[in-house]
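In structure tokens, one chain follows: the form predicted alone.
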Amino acid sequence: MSSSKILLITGVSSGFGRALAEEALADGHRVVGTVRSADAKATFEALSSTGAAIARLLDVTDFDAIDGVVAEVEQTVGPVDVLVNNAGYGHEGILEESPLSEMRRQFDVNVFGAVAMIKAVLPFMRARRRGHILNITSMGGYITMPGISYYCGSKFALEGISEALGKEVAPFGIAVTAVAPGSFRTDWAGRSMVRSARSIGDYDALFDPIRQAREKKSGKQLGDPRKAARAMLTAIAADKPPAHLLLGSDALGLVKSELTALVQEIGAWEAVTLSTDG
């Protein structure tokens, strides 16, 4: 990026949020990162000896607090050039076995928290007629697999919201990018994942191997979070940022295959589709 910017990144204690914050700081930007504890705040702010790493205590599901935190950042730190909605987690569980309360929590963090942050920054960005919003989604916002229906549902939702929002705010000079990573070496499949207990034997043959493979692969994924961070900084620096950005060769291959299969299915059922007109 050619000039110093202020990035507001949710969830900077680990994963993509931490990697992006560190790479942005290395490039000379200021980063306001949200954390959920005083210890995490001190750890994050210690990343910069010049005060460029600024932490704010915030849980993105504390919807009543978000507007105040963003307004305070705008007043005391400066105009937020880039909002990165990174805070999120994965829920794993067969739908029939997973309580609705876990779905609500998944959507509160991954969807409602992101939208609340967007709604808080937009008035400032719109007044300035500039800004960039990055929503970290997932290849699970394009493809699905058994056992992560709640998670995929939340990421499909955020993909759709991001695309529609981008069309709403483009006239004001604000860009929106949905960033969809594949498998990366983050805590997503490890300590950050919430797993519903197994209870229905009929699903054992289908799901148990998937859960075991995911646990075994955790920490050994192909994707490098720092390279993902560099890719995001490239998108932020672009004159015309993409509306959608896939990260990782696995995401590229799987999403392309999914889209090809979708086109084929649409074609196979085209006569039935057209039969409903008139």
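None of the values given here were measured: they were computed from a predicted structure. We number the residues from 1 along the sequence you see.
In what follows, reference is made to the form predicted together with a small molecule, a form of this protein that is not presented.
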item: Ile136, Gly182 and Ser192 each touching the small molecule in the predicted bound form (heavy atom, 4.5 Å); value: yes
item: Ala231, Leu58, Leu245, Leu47 - the one with a heavy atom within 4.5 Å of the small molecule in the predicted bound form; value: Leu58
item: The small molecule: the contacting residue among Val109, Ile94, Ile161, Leu122 in the predicted bound form [heavy atom, 4.5 Å]; value: Val109
item: 4.5 angstroms heavy atom contact with the small molecule in the predicted bound form for Arg104; value: no
item: Partner contact for Gly88 in the predicted bound form: the small molecule, 4.5 angstroms, heavy atom; value: yes
item: Partner contact for Arg226 in the predicted bound form: the small molecule, 4.5 angstroms, heavy atom; value: no
item: Exercise: Thr186 in contact with the small molecule in the predicted bound form, heavy atom 4.5 Å; value: yes
item: Partner-facing stretch of 203 to 211, 168 to 176, 72 to 80, 150 to 158, counted where any non-hydrogen atom is within 4.5 angstroms of the small molecule in the predicted bound form; value: 150 to 158
